[in-house]
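Here we start with a single chain on its own, the form predicted on its own, put down as structure tokens.
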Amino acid sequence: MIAEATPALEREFNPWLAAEARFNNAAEKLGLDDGMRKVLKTPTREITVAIPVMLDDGRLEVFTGYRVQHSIARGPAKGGIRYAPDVTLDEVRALASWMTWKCAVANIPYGGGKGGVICDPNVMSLGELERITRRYTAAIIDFIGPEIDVPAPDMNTNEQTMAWIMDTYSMHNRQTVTAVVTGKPIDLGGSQGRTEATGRGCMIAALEALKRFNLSPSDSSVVVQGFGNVGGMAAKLMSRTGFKINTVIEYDGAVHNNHGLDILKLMQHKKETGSIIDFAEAENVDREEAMFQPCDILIPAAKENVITSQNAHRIRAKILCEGANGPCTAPADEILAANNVFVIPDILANGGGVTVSYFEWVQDRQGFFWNEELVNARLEEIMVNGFHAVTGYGEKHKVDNRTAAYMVALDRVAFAIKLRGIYA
């Protein structure tokens, strides 16, 4: 059951405070001075815009949109845009900072950005979503661009949303500018391999982790929480590689098979019924308890704050591979470390998406496109290098992987800032 909110839990669940706690921990271990800490933690720019939109029923409504550019020290800001009724500026700030650290861990030439619009896309028509997207784009148009800030899809946005943003930006610039966003349709400059990228990155990270336990995929049981683009794709690719996906958890239930689930059949079942429950080749299990069963790999790939100070002690996975952004709260980190859970932190584990977004941006700017085999090979190279950079840092400094990942990221961004100097 979800714990009742208290002031302490509200602070724990605040994504900006969680990002700050992890930042402070890594900065302390790196010995960064106060001035550099201030530069690294302070967003470069925060934009709040009003978005007036004429709804289908003739009413005029005003929505609020955000775009936060956390860092541009290593390159243009990079990060998704989410549409949700509970979007907050603190959430967008936190996600923008996570993008800075994620890009630095992957060692790709981006800073971090994030955007959001407070709306409920579930009750909006396609026409309303297009109008809100185009007006939001127009409102922030002076602050985005291939060399400034490159948005991408996130929660409740997709390649169609990106096509609208690209078109709006291009109309204002009087030329087609495909590199202004990533996550576009293939026919508008999207990249091969982008849909599978985040899930594939999780699989690559999990494969590297298995080597540390002398396990093979066929020896490994997996629990996946979330069966959307990240969790579903990770499960599909891992199953194809030989992993045994025992349990899948969704918002409305969970299914389990001791011998491993047929992921393709489960995907078809979900497509036909709208749910994973009552799958013929599995048993329904309690979704609240399914995450705490013994397994080799647990992949939380749904949302933030699912592993907390209230339940982290119940995790019985050897490896926790974070497919979602922020699935573990900061206080949960200490509990997991004390229980010897090998955590592959989000800023490493789910970096496959932004890495292939980077590939898309490169291809758009070159006007030369790669086949999927090349995309996947280059993704694997970057993910493996990132994994070993983080684990090597952890072993050198005797810290857990989360702290090591932040230390790698802060060190790289701070080094870029020192090389550039402070403009005055």
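We number the residues from 1 along the sequence you see. Since the structure is predicted, the reported quantities are computational estimates derived from the model, not experimental observations.
Form predicted in complex with ligand GLU: not shown, discussed below.
- Using a 4.5 Å heavy atom cutoff, 78, 353 and 357 all lie near ligand GLU in the model of the complex.
- In the model of the complex, ligand GLU lies within 4.5 Å of some heavy atom of residue 182.
- Put simply, residue 297 is far from ligand GLU in the model of the complex: not one heavy atom of it is within 4.5 Å.
- Remark: residue 102 counts among the residues lining ligand GLU in the model of the complex, judged by a heavy atom distance of 4.5 Å or less.
- Interface membership of residue 194, defined by any non-hydrogen atom within 4.5 Å of ligand GLU in the model of the complex, is confirmed.
- Partner contacts here mean any heavy atom within 4.5 Å of ligand GLU in the model of the complex, and among 207-215, 247-255, 123-131, 152-160 they occur only in 152-160.
- A single residue from the set 325, 220, 168, 239 has any heavy atom within 4.5 angstroms of ligand GLU in the model of the complex; that residue is 325.
- Residues in 383-409 all lack a heavy atom within 4.5 Å of ligand GLU in the model of the complex.
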